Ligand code: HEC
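Just the one chain here, the form predicted on its own, laid out as structure tokens.
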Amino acid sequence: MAFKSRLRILGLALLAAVISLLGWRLAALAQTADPAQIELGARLFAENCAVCHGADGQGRVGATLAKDWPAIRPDLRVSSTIANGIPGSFMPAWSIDKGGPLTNAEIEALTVYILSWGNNGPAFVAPAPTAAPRPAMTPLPNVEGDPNQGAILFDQNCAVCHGADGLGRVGANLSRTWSAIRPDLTIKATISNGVAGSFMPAWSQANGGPLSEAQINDLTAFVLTLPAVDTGAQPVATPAPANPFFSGWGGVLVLIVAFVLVIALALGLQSRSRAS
């Protein structure tokens, strides 16, 4: 009889733990977002994220963000991903602490904005930033592509990572001397195929990217017009390791198991105390 009673208590405790954890998660997701944060997050997304993830979060050369985020605290999972990046992927670290350009407040606004979407994408999409016009450039001899068209494509696709003047941001400095017999072929291959083991994805349509061969030729021609500037050694930020198991439903399971073990231990100690 005592065993059945303890088993019933244990089952009720387990049920209470599950309900509490699910309620906590649903309450966190149901919090009303601050309109000011939504507006700031939309602007930051348009300026920093849309080029890879798409203006509606459906993915481009980056992952789809318009989805449910299975985690006890989805806000912590999203903000950690933005701040620290994802090792082994094309997602760099964006926080100032990791060498990126975004403050903690900006990352929080981005997180609130992304989590306000659901599966349908954002209700409010900020317009893409307008690039400043550049002086007309003369096409380079023996190089395919129009640098003037390449400048437009650069502002639309590359400046967010490499900076408006190619001096680097979360991506490499492109305003440099290219040590190659045919630097145009080196640059074109890098844009087309990406760089394995780095944050540079493949941009060519042949490799799943959004750019045609003609557009890549234009981009190549523009990059070659950038003046060589010595920016010194740029430290490479090391993203903090992330554990997707504990950030998702695996974390819920671990907490439940730990809770059950604590209850079982307490019941065992109580039973032993009565027996003595």
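Numbers follow the displayed sequence, beginning with 1. Rigid core here is just the name for the largest C-alpha set that superposes within 1.5 Å across the two forms. Bear in mind the structure is a predicted one, so any value in this text is a computation, not a measurement.
Unshown form predicted in complex with heme C; subsequent notes refer to it.
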Item checked: heme C contact in the model of the complex: Lys67, any heavy atom under 4.5 Å -> yes
Check: Can you check whether Leu102 is within 4.5 Å of heme C in the model of the complex, heavy atom basis?
Finding: yes
Next item on the list: Indicate whether heme C has at least one heavy atom within 4.5 Å of a heavy atom of Gly209 in the model of the complex.
Entry: no
Item checked: Partner proximity in the model of the complex: Lys98 to heme C, non-hydrogen atom cutoff 4.5 Å -> no
Notebook entry, point to check: Which listed residue (Leu76, Val195, Leu185, Val125) meets the criterion of a heavy atom within 4.5 Å of heme C in the model of the complex?
Noted result: Val195
Notebook entry, point to check: So which residues in 186-218, when you check heme C in the model of the complex, have a heavy atom no farther than 4.5 Å from it?
Noted result: Ile187, Thr190, Ile191, Val195, Ser198, Phe199, Met200, Pro201, Trp203, Leu211
Note to self: Given a superposition on the rigid core, I'd like a yes or no on whether Thr190 shifts its C-alpha by 2 Å or more between the shown form and the other one.
What the structure shows: yes
Checklist line | Threshold 2 Å Cα movement between the shown form and the other one for Cys161, core superposed | finding: no
Check: By the 2 angstroms cut-off, has the C-alpha of Trp203 moved between the shown form and the other one once the rigid core is superposed?
Finding: yes
